[in-house]
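This document contains two forms of one protein chain, each encoded as structure tokens and listed individually as structure 1 and structure 2.
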Structure 1
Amino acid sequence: MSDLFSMGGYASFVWPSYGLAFLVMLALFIDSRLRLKKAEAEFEKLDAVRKAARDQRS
């Protein structure tokens, strides 16, 4: 099992690379979620304006 974690002597390069990749993917996930929430809120606002304009014409 220790051979797995030592990565043949390259563990000091491999594990930080895994950690960095994980952090980048986490940051992209969080950014995507925030952008989605912002886009949904903007869509709701625009949809409300469109419905209000349609109701005024009727």
Structure 2
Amino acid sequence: MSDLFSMGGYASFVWPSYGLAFLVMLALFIDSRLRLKKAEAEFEKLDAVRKAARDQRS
């Protein structure tokens, strides 16, 4: 198992590149996810207000 992590002596190059790729993709994932959740929550809130106002008027 140990030679796996040593990556034939190149561990300090192979693992950081996988690590960084993972980090950047994780950041993109979180940003996209949060952006969607925030937009949906805000939209629900505004939509509810709008529907309530319309019901009152009708």
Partner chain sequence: MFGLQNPTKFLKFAKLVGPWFALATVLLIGSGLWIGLFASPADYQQGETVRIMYVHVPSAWMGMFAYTVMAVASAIALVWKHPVADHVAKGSAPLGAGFTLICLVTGALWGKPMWGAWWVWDARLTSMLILFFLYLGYMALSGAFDNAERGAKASAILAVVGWVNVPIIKFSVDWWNTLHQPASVTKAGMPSIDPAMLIPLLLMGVGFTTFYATLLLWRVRSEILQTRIRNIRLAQIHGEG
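The term rigid core refers to the maximal set of C-alpha atoms that superpose within 1.5 Å between the two forms. Just so we're on the same page, residue numbers count up from 1 along structure 1's sequence. Model, not experiment: these values are computed from the prediction.
Between the two chain copies, the one drawn from the form predicted alone is structure 1. If you fit the rigid core between the two structures, you'll see the Cα of Phe43 move by less than 2 angstroms. Comparing between the two structures on a rigid core frame, one finds that Ser17 has its C-alpha moved by 2.9 Å.
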